[in-house]
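As a starting point, one isolated chain is supplied in structure tokens, in the form predicted on its own.
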């Protein structure tokens, strides 16, 4: 797994650690998450039972703004947007409908959007954020770790920051010192709280 800088699975059972390393690798690969993970440490203690995954993320692509995929041509009483990439068209339309109202947004074809009767500076329209890739990464990570964690580990605690995440799961109530255990796993990767 060359895309990840650090990847360890810690488990008292050597064979179990090997299996979980392969399971984690396959699930993260299937969910296209290996490209965003920089470091990952998974701890499994089947006796407690406890599953902890801690990690850091690579710098995630910046937010996508209207200016990144559309050119705005201001005209009297309207603005015509020429779309160069349809990828973000649907979320842009949804934002425009919420912000300006459906009656002011017209889409004559898939590469053109017309905003009617707005007294907004075209530069404001260009700066509207239509997608933030970092928002979906956390949801994708949580889903992936639910697949990776042992069956029946329904008690969970997830945390996510700008570049770090942790996922804890167990069959039992989580111990009060769980945050200390998570911090210790981050420390094994060279990360301080």
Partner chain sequence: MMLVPVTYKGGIYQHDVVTDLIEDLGGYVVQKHVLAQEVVLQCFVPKDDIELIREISRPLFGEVTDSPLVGTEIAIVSPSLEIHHLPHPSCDIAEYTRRLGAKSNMVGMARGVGKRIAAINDEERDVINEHDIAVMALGNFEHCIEYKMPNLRRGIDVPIVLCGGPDKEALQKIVDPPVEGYVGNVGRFMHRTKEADELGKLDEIIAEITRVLEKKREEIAKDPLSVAPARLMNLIREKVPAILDVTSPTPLTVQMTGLRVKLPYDTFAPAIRKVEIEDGITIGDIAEVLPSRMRDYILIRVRPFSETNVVI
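This is a predicted model, so every value here is computed, not measured. Numbering follows the first chain given and starts at 1.
Only in words, not in the display: the form predicted together with its partner chain, which the text now covers.
- 154 is the sole member of 154, 58, 63, 157 with a non-hydrogen atom lying within 4.5 angstroms of its partner chain in the model of the complex.
- Using a 4.5 angstroms heavy atom cutoff to its partner chain in the model of the complex, none of 96, 101 and 115 count as contacting.
- With its partner chain left out of view, the stretch that reaches within 4.5 Å of it through heavy atoms in the model of the complex is, among 131-139, 66-74, 40-48, 158-166, 40-48.
- The shortest heavy atom separation between residue 125 and its partner chain in the model of the complex exceeds 4.5 Å.
- Put simply, residue 29 is far from its partner chain in the model of the complex: not one heavy atom of it is within 4.5 Å.
- Contact check for residue 179: no non-hydrogen atom falls within 4.5 Å of its partner chain in the model of the complex.
- Although the partner is absent here, residue 23 lies within 4.5 Å of its partner chain in the model of the complex, judged by heavy atoms.
- Taking a 4.5 Å heavy atom cutoff to its partner chain in the model of the complex, the contacting residues in 146-185 are 146, 147, 148, 149, 150, 151, 152, 154, 171, 172.
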